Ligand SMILES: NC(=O)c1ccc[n+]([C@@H]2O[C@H](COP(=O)([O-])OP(=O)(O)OC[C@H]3O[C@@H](n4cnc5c(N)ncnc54)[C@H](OP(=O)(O)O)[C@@H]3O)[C@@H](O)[C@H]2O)c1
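The data below hold one chain only, encoded as structure tokens and taken in the form predicted on its own.
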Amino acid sequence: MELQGKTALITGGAHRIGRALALALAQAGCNLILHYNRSADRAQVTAAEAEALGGRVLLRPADLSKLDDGEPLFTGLPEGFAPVQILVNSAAIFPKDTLSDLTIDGWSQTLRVNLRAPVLLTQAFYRTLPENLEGAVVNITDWRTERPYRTHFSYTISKGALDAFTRTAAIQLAPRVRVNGIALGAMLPPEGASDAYWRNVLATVPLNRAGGTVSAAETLLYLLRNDFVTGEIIRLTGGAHLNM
């Protein structure tokens, strides 16, 4: 897919990895529909950075935990933003819970943001994409679906289901829409994490370093540009997934 002039909708694009993905799309020539929930200030900064790279940006606030219909994010767009041909499902929440202590509310919240919203947005994306155009979806997931966290039960289940959704949607939306995923490893230290914690994490990475934002951005652009790749989930882990 040629990215210049295409419109991309990215969820959770205000900060951290989402910001890097948004800026990579802008630098590649895309116009952005930048979704955020509570990060309005950060979204404004990211939008300004993207516009400085030459992209046009439309900010769209939405609480994905309350999303019942994805189509409003793809319709009624200003001139130059429609149709949307790229969807990046990056937004996620990362609650700490286990099977023994999870609550119905917490479980439902995590599934609604991490799984239900990407499914509904992908459905809306496909329905609103003109039949004469191709599209691409990239879901941001986590390699730890292969080696589950001990203390993030609902998150791990939601991302594992997102992996299955990625492969299923790739079959069902072909040949017009390609669907792929990026399974992130140790990219950035968690907000508020200690230096000691992060050193311990990186000690499990064979490449002995964090992935950072550039590798994630380059992987996204590869998956969008290569029009013979669908149903793939690239593990971006520095080799950590080999330490099973």
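Since the model is a prediction, treat every value here as computed from it, not as a measurement. When you see a residue number, it is the position in the sequence shown, counting from 1.
The next section is about a form of this same protein that is not shown, the form predicted in complex with the ligand.
- Site residues 15, 65 and 93 are all in contact with the ligand in the model of the complex, judged by any heavy atom within 4.5 Å.
- The shortest heavy atom separation between residue 37 and the ligand in the model of the complex is within 4.5 Å.
- Taking the partner from elsewhere, residue 50 is found to have every heavy atom lying beyond 4.5 Å of the ligand in the model of the complex.
- A residue is said to contact a partner when one of its heavy atoms sits within 4.5 Å of a partner heavy atom; residue 185 meets this definition for the ligand in the model of the complex.
- Remark: residue 141 counts among the residues lining the ligand in the model of the complex, judged by a heavy atom distance of 4.5 Å or less.
- Scanning 113, 73, 169, 129 against the ligand in the model of the complex with a 4.5 Å heavy atom cut-off leaves one residue, 113.
- Only one of 50 to 58, 22 to 30, 171 to 179, 37 to 45 lies within 4.5 Å of the ligand in the model of the complex by heavy atoms, and it is 37 to 45.
- Residues of 119 to 135 are not found to place any heavy atom within 4.5 Å of the ligand in the model of the complex.
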